[in-house]
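Only one chain is shown below, in structure tokens, and it's the form predicted on its own.
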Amino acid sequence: MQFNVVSLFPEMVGTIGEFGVVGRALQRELISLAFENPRDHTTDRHRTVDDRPYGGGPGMVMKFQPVADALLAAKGKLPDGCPVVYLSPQGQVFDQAMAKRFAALPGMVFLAGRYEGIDERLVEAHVDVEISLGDFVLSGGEIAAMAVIDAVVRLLPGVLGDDESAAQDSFMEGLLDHPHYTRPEEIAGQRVPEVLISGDHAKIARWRTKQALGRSYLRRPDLLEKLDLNDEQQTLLDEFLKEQSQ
């Protein structure tokens, strides 16, 4: 999969390729990561990429021409079917379902805005998808782009050492993940749940599903509201809540 990021700070985004899952995917050539800096597409000697907003107000707005040219250059280096994604507080909130859809694409162009944002005509002319990480404001879209790239890359075949790792991540089934434990079995009087060392894989799977349902109910009830629980899931959730009340 091919990623191209349009950013005033490409070095910042490039650090994602130096570590962890994305770094290993790059080394194994499972993905490519390229950049376009709008400053390289300016026509004045000051390499100006921003200007004051029409209508007045604080801050500056990214100009149409250098950003548009950078987007066209970035998209021209990718195969057909690669959307332009603008990281914006006004966008649809990014989630795991969206990450799965993105992972099926041949590539993506990310536009990382700065200042007060970009000229709206850029959105109308060049942006296919607007996405947000949530209801808060960052200084620019670079961190958001890095987060989305990481979420998408880990879903690509062959990226993780065990493809089941991605399949069992939080939100893959619309729920939070179950608790995880490793050795030693006891720490400061707290033991690993007996079921996890029982060797009974059916019971372990049942316990994990119950914990995922219970955690989602307690911490993210909005997730359960989106699901139509089957009889077994409802039974497990009822068991979890009963155990919590004892």
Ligand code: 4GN
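As the structure is a computational prediction, the values presented were derived from the model and not from experiment. One-based numbering along the sequence shown.
Just so it is clear, the following notes concern the form predicted in complex with the ligand, a form of the same protein that is not shown.
**Student:** Among 71-79, 113-121, 98-106, 153-161, which stretch sits within 4.5 Å of the ligand in the model of the complex, heavy atoms only?
**Tutor:** Contact criterion met by 113-121 only.
**Student:** If we define contact as a non-hydrogen atom of the residue within 4.5 angstroms of the partner, is residue 138 a contact of the ligand in the model of the complex?
**Tutor:** Heavy-atom contact with the ligand at 4.5 Å: present for residue 138.
**Student:** With heavy atoms only and a cut-off of 4.5 Å, decide whether residue 125 touches the ligand in the model of the complex.
**Tutor:** Because no heavy atom of residue 125 falls inside 4.5 Å of the ligand in the model of the complex, the answer is no.
**Student:** Although the partner isn't part of this model, could you tell me whether residue 89 comes within 4.5 Å of the ligand in the model of the complex, counting any heavy atom of the residue?
**Tutor:** The answer is yes: residue 89 has a heavy atom within 4.5 Å of the ligand.
**Student:** Answer yes if any heavy atom of residue 144 is within 4.5 Å of a heavy atom of the ligand in the model of the complex; otherwise answer no.
**Tutor:** Residue 144: contacts the ligand in the model of the complex.
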